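Take a look at this single chain, the form predicted on its own, given in structure tokens.
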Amino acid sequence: MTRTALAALVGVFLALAAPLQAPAQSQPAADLQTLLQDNAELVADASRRTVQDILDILVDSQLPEVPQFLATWQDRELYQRNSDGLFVYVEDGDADPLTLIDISTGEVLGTAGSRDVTQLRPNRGVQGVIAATRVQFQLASDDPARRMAALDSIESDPEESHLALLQGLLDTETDPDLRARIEVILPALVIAFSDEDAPRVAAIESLSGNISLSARATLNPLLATRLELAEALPDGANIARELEPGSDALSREDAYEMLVEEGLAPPRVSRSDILSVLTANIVDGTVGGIPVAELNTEEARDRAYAALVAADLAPPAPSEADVTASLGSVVFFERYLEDSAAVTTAARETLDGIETRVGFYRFLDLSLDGISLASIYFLAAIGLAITFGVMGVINMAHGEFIMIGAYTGFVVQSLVPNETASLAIAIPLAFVVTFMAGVAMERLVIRWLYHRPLETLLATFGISIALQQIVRLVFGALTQPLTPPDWLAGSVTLNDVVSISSVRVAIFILAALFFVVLWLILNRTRLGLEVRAVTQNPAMAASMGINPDRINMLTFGLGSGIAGIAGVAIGLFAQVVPDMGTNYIVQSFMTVVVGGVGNIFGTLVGASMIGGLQKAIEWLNPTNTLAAQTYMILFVILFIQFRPRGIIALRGRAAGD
């Protein structure tokens, strides 16, 4: 909404509203102390009913000391000296004796014992009135934080006089956040205080397209309803909708209960209540003239109960036909609490438009969550995709390389307190550490198990358990902190609906960077050429002078090193514990299988599909995140039945050729 539109809106309201009576202008006092002494009783014995009088006098005085005085008074830090009634501040309220400060000059007046002064303690009602008066001083402050605090105060306790104050601030305010806040609060004040429909409708329409929580909080109360019943719809009432008993909006039981509460129908009598009444009215072995022995059917019990009702010994029990007749004799409807149909119509149309935009932004927020999760899965899986694609090795210890990378970051941060510097050191160091660990694992274990997938799986699974226990012995089983730098601690917020943490944005950027770097390595370097050659045909590559054994070693080390960097990134927002890798190994394998082994494009597509689908499932079932994991596994099982080589399959050894 433009400044001109807001000004016109407030102008319409001020023209229609009764003019406020301006307080009589008084002559400025010589100083604040003199003014207060002239009105000492109003200050010392302030109540919610009388405090406004002294506040008006203080505001009219235009003395520069008034804002501080009001703040001190509101905080219950104002004192009055018993000997001469002088109002003073104290330097330290807990000290004895107290150091007295002059409220006009700020000079020290001397000391006094706690019994020599009286602390003025305004109640909550008086504090609230003082806070409302302080708003105009806060709005004039040069500090944006104080102006925002004033807007918070106005929003929580609005008054009609605030309209002119906000309009004046809007004409001069340059801070975009403050302007946006004013553009929501101003219409809310017009809606609250105007007695005419025209300015209220204009204020509602001015919020069109504003998806902020404040805007929706302003409009939603206008559409609040209450459920009522009558013999016919009342003329001139602002009816939201008519309800049919037995519908989703109003059950028969609830509708009939309303009739009972209004005294328009007798209450239902349950079977247990009927049995209790019959038991209480057994006389000489009969109830209502029917022998107890014959009361073995509901029909007989109903006849006995009817006899008791006829004898005024039991309340009447309405039948279903009686209930239906009673419900049909009245109409049920929801009436707006707001009397003006023009206002509620405008609010409904505006809110519907806002909800449409909110739905779009919620979809965008969900998409960003999916992209964020996909980035995490891509970082966790890319190393596995390389080793699995090139070497055909099912490495169950891949998650432990992620864990080692995270603990490397923890160790570096313990030695280098600066989070930014430690992060810059931890990322390359984690790559080096896990690269060397991967090379050692390949040289000592994996190289002897090529073409033996079951033995490789079991061996790497055993290594993963061993690595977890080693880390647990060294660092303990408790969660270790890996704190992100301050510039990653917040979030990137588009509006009140769309927000994503800065750490996840950084992980997305890191994943994109790795994608580009790996693509360049595989397609623009000799190492990449040799890796692709070994992937496509290891025998032919060996005949061309390429050492497949060396390529396998470097490839496994590269994949492990990337997992270490992923561990540092994941550790910035996840728990750094010895078994943290197990949380990502399953998703990593699913990402590789769906995308296609040995292909970074396939891994990217697979991570996007897995991350997006998991977030969609979690959105549909937000109370059970474990169900999302289960559904994802079922999806992967079905997917590989139709496309066993993944979305982007390679030709060569990794593809099974």
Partner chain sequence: MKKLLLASACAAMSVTAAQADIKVGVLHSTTGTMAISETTLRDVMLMLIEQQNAAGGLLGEQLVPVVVDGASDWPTFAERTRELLTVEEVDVIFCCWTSTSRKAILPVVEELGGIVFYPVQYEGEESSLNVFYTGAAPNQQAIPAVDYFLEELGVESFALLGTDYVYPRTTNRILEQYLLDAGIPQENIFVNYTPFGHSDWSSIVADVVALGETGAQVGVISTINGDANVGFYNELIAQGVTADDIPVVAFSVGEEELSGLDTEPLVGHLAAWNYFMSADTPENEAFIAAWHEFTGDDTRVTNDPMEAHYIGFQMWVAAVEAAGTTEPDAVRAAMYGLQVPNLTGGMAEMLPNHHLTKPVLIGEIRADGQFDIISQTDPVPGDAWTDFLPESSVLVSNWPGLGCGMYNTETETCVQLQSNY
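Numbering follows the first chain given and starts at 1. Predicted, not measured: the structure shown is a model, and the values here were computed from it.
The next section is about a form of this same protein that is not shown, the form predicted in complex with its partner chain.
- Residue heavy atoms within 4.5 Å of its partner chain in the model of the complex occur in exactly one stretch of 422 to 430, 226 to 234, 137 to 145, 362 to 370, and that stretch is 362 to 370.
- Contact check for Glu618: a heavy atom falls within 4.5 Å of its partner chain in the model of the complex.
- At a distance threshold of 4.5 angstroms between non-hydrogen atoms, Ser491 is in contact with its partner chain in the model of the complex.
- Remark: Ser47 counts among the residues lining its partner chain in the model of the complex, judged by a heavy atom distance of 4.5 Å or less.
- At a distance threshold of 4.5 angstroms between non-hydrogen atoms, Arg526 is out of contact with its partner chain in the model of the complex.
- Interface residue among Ser340, Gln480, Gln167, Ser104 relative to its partner chain in the model of the complex, by the heavy atom within 4.5 Å criterion: Gln480.
- In summary, among the residues Leu250, Met553, Ala574, Ala202, the only one with a non-hydrogen atom within 4.5 Å of its partner chain in the model of the complex is Ala574.
- Looking at 220 to 248, the residues that come within 4.5 Å of its partner chain in the model of the complex, counting any heavy atom, are Asn220, Pro221.
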